[in-house]
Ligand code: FRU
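The chain below stands alone and is given in structure tokens; this is the form predicted alone.
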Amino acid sequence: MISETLRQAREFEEKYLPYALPEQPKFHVTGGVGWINDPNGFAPYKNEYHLFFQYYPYDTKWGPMHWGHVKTKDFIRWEHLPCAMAPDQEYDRDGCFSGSAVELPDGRHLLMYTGVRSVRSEDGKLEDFQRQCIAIGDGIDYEKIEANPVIDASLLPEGGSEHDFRDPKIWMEDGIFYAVIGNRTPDDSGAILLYKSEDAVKWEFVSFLSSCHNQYGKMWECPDFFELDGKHVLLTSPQDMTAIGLEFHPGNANIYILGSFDKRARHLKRQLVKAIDYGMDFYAPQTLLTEDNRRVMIAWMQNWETATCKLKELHFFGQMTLPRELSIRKGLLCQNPVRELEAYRGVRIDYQNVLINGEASLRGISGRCLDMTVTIRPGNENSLYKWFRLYVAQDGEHYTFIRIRPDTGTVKVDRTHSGFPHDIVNVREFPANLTDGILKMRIILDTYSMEIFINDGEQAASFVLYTPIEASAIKFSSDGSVLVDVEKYELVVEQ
């Protein structure tokens, strides 16, 4: 049974989506209309890949959270489906917050999400009560079960917060359902809780999978937990994070914890903690396992601190990153664009051993929807170059540049002149492996975004750009001699 709230959302989509589609990025997911944030329910279902997301269809700002819905066969071309859930029950009246999905053995599609109910206390403060809920459907329509909420405050460990208790990531293992859920602990910092169930309805608390102890931000949101190349990986998005050098940046951030899973204690033993993405715009990542056994990740390509900076003429706000294949290499979590992107490459333009010393442009190297790999190395055997810059999305007024400095081993991205309508922080710098001044970077440009992958995915950095679409020039610049290889493809993706 479709509720009136959900019916209205679907009718709104049907009416206004045709106006919004011409504005969309070529191959990055948006809601079509309205606002989106966290990816939800990113999982295979009936030989396709479904993606849901936090969604408010009626405006390009955050509102009572619905679940938007798209699906794909190849991670590049996405089909918009009707809104999947709306806040229409007493236990989720103030929002259907983030969650995940799994295909049941009988072929049904199970969604697990956080239902939110806001209550005003005696002193006038508005408090959220968060609990975990289930909806089951067929890939289009979903019905919330009568047993909701299936995990509430009664299943929290001692001292756990029912006000910050959200974003379940569910999976099945040996016939048992498991879920990791973000929570705030008595020391006012984040933790990831592990639960299990035989039927996805009756759950029991298992353990603290990992705890923050105020070391990496506060509340830990949007967890994901999986095994990859012999290691266990926990992804999470800390709130109120303090910068730690160039490794972790402030605000609402992202980290991965690499380690081993103690099966007896049901606890993740940390071996390494690093940023997942070093750009300005990356939050709430979620992964799935493909039919050919690849671990693929997608995230919200946006930043809460810049969420009011938008182009008012657009019908939508927010987009997802390009899905990325994950691997463990040299003890690091590496990520690269899904290989399916290569099927959309157009004509190849290739340059080898181009000497740059000052400013230069190369014939055919331009565009705003492209896949380009640039490899740089010193052009002088006796001395390193001081810096190298690559300018993209450039016209007479706008540009974004990437700067490489071999002496500090850093990459800096400056989008100050990329079209943002407000004065915000637009510069991000991060460490990279620049052995002997050599660096390889792959740059993916779409209508409103730039994603950078350093040294075959050792680092990634994601950025929203609002530069006018006509700004498509690319320029090279250096202080000192640099040899450059360029391999560039236009990306041809029909909407």
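Computed from a predicted structure; not experimentally measured. Note that residue numbering follows the sequence shown and begins at 1.
Not pictured, yet referred to below: the form predicted together with this ligand.
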| query | finding |
| --- | --- |
| Partner-proximal stretch of 69-77, 416-424, 95-103, 358-366 relative to this ligand in the model of the complex, 4.5 angstroms, heavy atom | 95-103 |
| Contact label in the model of the complex: Asp277 to this ligand, heavy atom within 4.5 Å | no |
| This ligand contact in the model of the complex: Glu451, any heavy atom under 4.5 Å | no |
| 4.5 Å heavy atom contact, Tyr283 and this ligand in the model of the complex | yes |
| Interface membership of Met65, this ligand in the model of the complex, 4.5 Å heavy atom rule | yes |
| Residue among Arg184, Lys144, Arg324, Arg166 with a heavy atom within 4.5 Å of this ligand in the model of the complex | Arg166 |
| In the model of the complex, the residue from Gln459, Thr467, Asn37, Thr30 that sits within 4.5 Å of this ligand by heavy atoms | Asn37 |
| Within 4.5 Å of this ligand in the model of the complex: residues from 212-247 (heavy atom criterion) | Glu221, Cys222 |
